[in-house]
Ligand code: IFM
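A lone chain, given as structure tokens: the form predicted alone.
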Amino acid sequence: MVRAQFTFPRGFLWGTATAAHQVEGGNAASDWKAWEREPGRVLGAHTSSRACEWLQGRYIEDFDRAVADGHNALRLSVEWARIEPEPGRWDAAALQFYRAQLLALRERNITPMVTLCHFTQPLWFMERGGWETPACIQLFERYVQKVAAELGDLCTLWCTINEPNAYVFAAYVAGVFPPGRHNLLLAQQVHLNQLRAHAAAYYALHAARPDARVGWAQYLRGFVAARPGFPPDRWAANWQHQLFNMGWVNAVHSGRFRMLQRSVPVPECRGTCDWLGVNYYTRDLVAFDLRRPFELFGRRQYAPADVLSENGFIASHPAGLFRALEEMQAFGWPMFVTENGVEDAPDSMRPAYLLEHLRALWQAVCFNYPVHGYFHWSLVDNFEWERGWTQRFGLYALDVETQVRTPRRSAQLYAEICRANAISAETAQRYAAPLAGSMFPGSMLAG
């Protein structure tokens, strides 16, 4: 066999991503724990409960799995509600818990990327108005200053806020995250307040740790006109792309934030990006529809021929990842793919999904797009917000009752890629034979 492979740059980061609330358990002081107790908020009345028992120390065995599988990085978050359970009261045990995690990663030569806010807030913060009031900026800055002082010596890569656009849509438009609002104008104000909080956090981290590299994770969803020749569809797709995907990106680049009816100057936000995190999962076809103002006048759907995940949540479109990286590289920031993955309990779709998306990533690297790492979502099945335990994104399957972890074939596939820093023709043939011929055409797979 002619050996062929897609090789990544030396020092490329390979890891997985997760969030505190989804894996720790026992997060009683957060808005999300209260949300879970309300009937009808989470599918199947599921709760995070013990989650993956990281609070009980099982992060150690998961870190051991990661290092055994060749991972050299891990993205995780710290929980604001655990660190500051009451206004101005810092929990020393919580800070020590996170310090122990970072030390455990460093001992294993795994580079940590720490997210400071991943969809959850302290209950007291939300009771004071949360992200809806300008006071949120100073409160978030104070929290970040404390975390930087206590943990900054153990981490260089910092992510201020995860997917602010997805959070705002889920919490203030669709109403499926706390506080469950349905208000487009309020959503825009929250988005602006979080942007300013990000900027305050950026400067706080740099003041505390001059070696800090600070960015955020932006959810980039593909929006494509359902009928490319129909101008209203093109308008709706572009409108959704600009307002959902590009708001923060353009504001950090230009110092102006575009809202529904006006543009707001935010000079303090300009340049507050040492790197950009790209979270990409799927793309939508968008058809113009005046009846859907809360969806920015565009009806979204997947194409009939799309390969869908088991619950129809994700359609596989790896070219969308390349296009996202292509658009983002124009801003000149270093990038990481900070999330990418698919719900797939039987692990029937994930091998091909993973290989195709990593090929798209490799193509971007070959174009000299400044992508320095990839974080798969996720290492272990975890609590998936309003969808509870109905979605399984893990490379390792989790039995929620027994807490037993079982490697899926995708864990082995990803391990081969991480160890080699490359995708070989043999690996593609072994894990997704029908796909291998298109990835490595012709004689590359000939015996």
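Start at 1 and count along the sequence shown; that's the residue number. Only a predicted model underlies this, so the values are computations on that prediction, with no experimental measurement involved.
Below, we turn to the form predicted in complex with the ligand, even though it does not appear here.
S.K.: Any of the heavy atoms of E84 lying within 4.5 Å of the ligand in the model of the complex?
M.R.: Answer no; every heavy atom of E84 is more than 4.5 Å from the ligand in the model of the complex.
S.K.: Can Y281 be called a contact residue for the ligand in the model of the complex at 4.5 Å between heavy atoms?
M.R.: Contact with the ligand, yes.
S.K.: Taking 4.5 angstroms as the cut-off for heavy atoms, does W239 touch the ligand in the model of the complex?
M.R.: Close contact is absent here: in the model of the complex, W239 is far from the ligand, nothing within 4.5 Å, heavy atoms only.
S.K.: Would Q22 count as a contact of the ligand in the model of the complex, using a 4.5 angstroms cut-off between non-hydrogen atoms?
M.R.: Yes, contact at 4.5 Å.
S.K.: Identify, from the list E339, D344, E79, E356, the residue with a heavy atom within 4.5 Å of the ligand in the model of the complex.
M.R.: Result of the distance check: E339.
S.K.: From the list Y202, F169, F375, F119, which entry has a heavy atom within 4.5 Å of the ligand in the model of the complex?
M.R.: After the contact test, the surviving option is F119.
S.K.: Quick one: find which of 35-43, 54-62, 416-424, 377-385 has residues within 4.5 Å of the ligand in the model of the complex by heavy atom distance.
M.R.: Heavy atoms within 4.5 Å of the ligand in the model of the complex occur in 377-385.
S.K.: Heavy atom within 4.5 Å of the ligand in the model of the complex: which residues of 148-170 qualify?
M.R.: Read in sequence order, the residues that approach the ligand (within 4.5 Å, in the model of the complex) are N162, E163.
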